[in-house]
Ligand SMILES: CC(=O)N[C@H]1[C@@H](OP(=O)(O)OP(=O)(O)OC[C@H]2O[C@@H](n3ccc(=O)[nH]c3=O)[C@H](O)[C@@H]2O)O[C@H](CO)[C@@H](O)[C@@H]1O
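Quick heads-up: it's one chain on its own, the form predicted alone, in structure tokens.
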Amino acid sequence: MGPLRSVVLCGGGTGGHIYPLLAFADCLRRHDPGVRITCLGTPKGLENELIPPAGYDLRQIPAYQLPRSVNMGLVRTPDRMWKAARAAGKVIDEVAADVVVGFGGYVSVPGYLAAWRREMPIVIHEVNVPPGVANRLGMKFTKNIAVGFPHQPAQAEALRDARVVGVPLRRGIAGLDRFAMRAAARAHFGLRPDLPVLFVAGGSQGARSINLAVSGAAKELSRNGVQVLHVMGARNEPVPVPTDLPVPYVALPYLSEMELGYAAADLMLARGGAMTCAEVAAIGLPTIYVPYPHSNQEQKRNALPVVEAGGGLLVDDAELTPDWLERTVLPLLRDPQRLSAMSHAAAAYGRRDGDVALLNFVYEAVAR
């Protein structure tokens, strides 16, 4: 199979679709600096903040949120969708694409439709169970389905024949040596080098319960020598943290270089988003997962296999209290052998080569 000349990547709306797209784009460029990479996005999506600064061509097309039920939106959808597909098709023709690779989000659907009309290879990468609406639609047009986790084919009929490739991760994370970087990462945040660190990050949405529980446990954690690095989430109301604590408690609204947080940490407290699960497992960071409760339980399904492999703990959002944290975190951080065993178990479950495995799968699909 010769090198790919031009690839169109679709994925937008949320970081869960855009971060693996960017990691895959980086992998493509590393393996073939001459390949043309074009990304499809919508005018309003997070992709506008992430893709152009990463150095990739972002073409905006009109895209419409897919209705999840039968309503007037569904009646108007075919007309809107073909309009968006025509716009996607113009981009595909202009860049003479060899393949369309989609990561989900409703901007992917016009890309899939346009590629299908041109009888071009389509590759879909899915990280959730059940698959998102956009990728479920795309699966009607292609058999080239790749998934991020080994539990997915067993749990979703639509993914039964999918190839498990892992999740493409940024090089800064996929290549991270937590222990080699620990001292520098702690110094970066103003944390002490000699005391354990709990890293807390609930994602940009839905982390208020986590923020309240951790700030409520701050005094007791601090009194027992536990430092906290707490990413509150830019969209959340800041939660007050007690002052005059005996050890550092660093609160940030947002952290773009998550690898620094991972490197500083002995233990993490997080939601169960697919990207978080993929990243912390790959680097072997023991994690307490608090799945987002107001959804179809996909975050619990993401986290459970890592927990069952011994790489973390699972707690329901409703059970996460300051008292629960004190009872759970303190004994764990005082037990280096248990933390080490959890770290090895997480790393054995996770994988760092999702980008290359997906690239090989794309080469195969194009060759077919």
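Numbers follow the displayed sequence, beginning with 1. Keep in mind that what you see is a predicted model, and the values were worked out from it rather than measured.
As for the form predicted together with this ligand, it is not shown, yet the points below apply to it.
Q: I'd like to know whether Leu159 contacts this ligand in the predicted complex, with contact meaning heavy atoms within 4.5 angstroms.
A: Outside the cut-off, so no.
Q: Using a 4.5 angstroms cut-off on non-hydrogen atoms, would Ile283 count as touching this ligand in the predicted complex?
A: The answer is no: Ile283 has no heavy atom within 4.5 Å of this ligand.
Q: Contact with this ligand in the predicted complex for Arg186, defined as at least one heavy atom pair within 4.5 Å: yes or no?
A: Answer no; every heavy atom of Arg186 is more than 4.5 Å from this ligand in the predicted complex.
Q: Would you please decide whether Gly273 lies within 4.5 angstroms of this ligand in the predicted complex, comparing each non-hydrogen atom pair?
A: Taking the distances in the predicted complex, the answer for Gly273 is yes, it comes within 4.5 Å of this ligand.
Q: Let me test this: is every residue among Ser6, Tyr106 and Val362 within 4.5 Å of this ligand in the predicted complex, going by heavy atom positions?
A: Judged in the predicted complex, none of Ser6, Tyr106 and Val362 sits within 4.5 Å of this ligand.
Q: Could you tell me which stretch in 188 to 196, 292 to 300, 116 to 124, 238 to 246 has residues with non-hydrogen atoms within 4.5 Å of this ligand in the predicted complex?
A: Checking each option against the 4.5 Å cut-off leaves 292 to 300.
Q: At a 4.5 angstroms cut-off on non-hydrogen atoms, which residues of 229 to 257 are near this ligand in the predicted complex? List them in order.
A: Heavy-atom contacts within 4.5 Å come from Val231, Tyr254, Leu255, Ser256.
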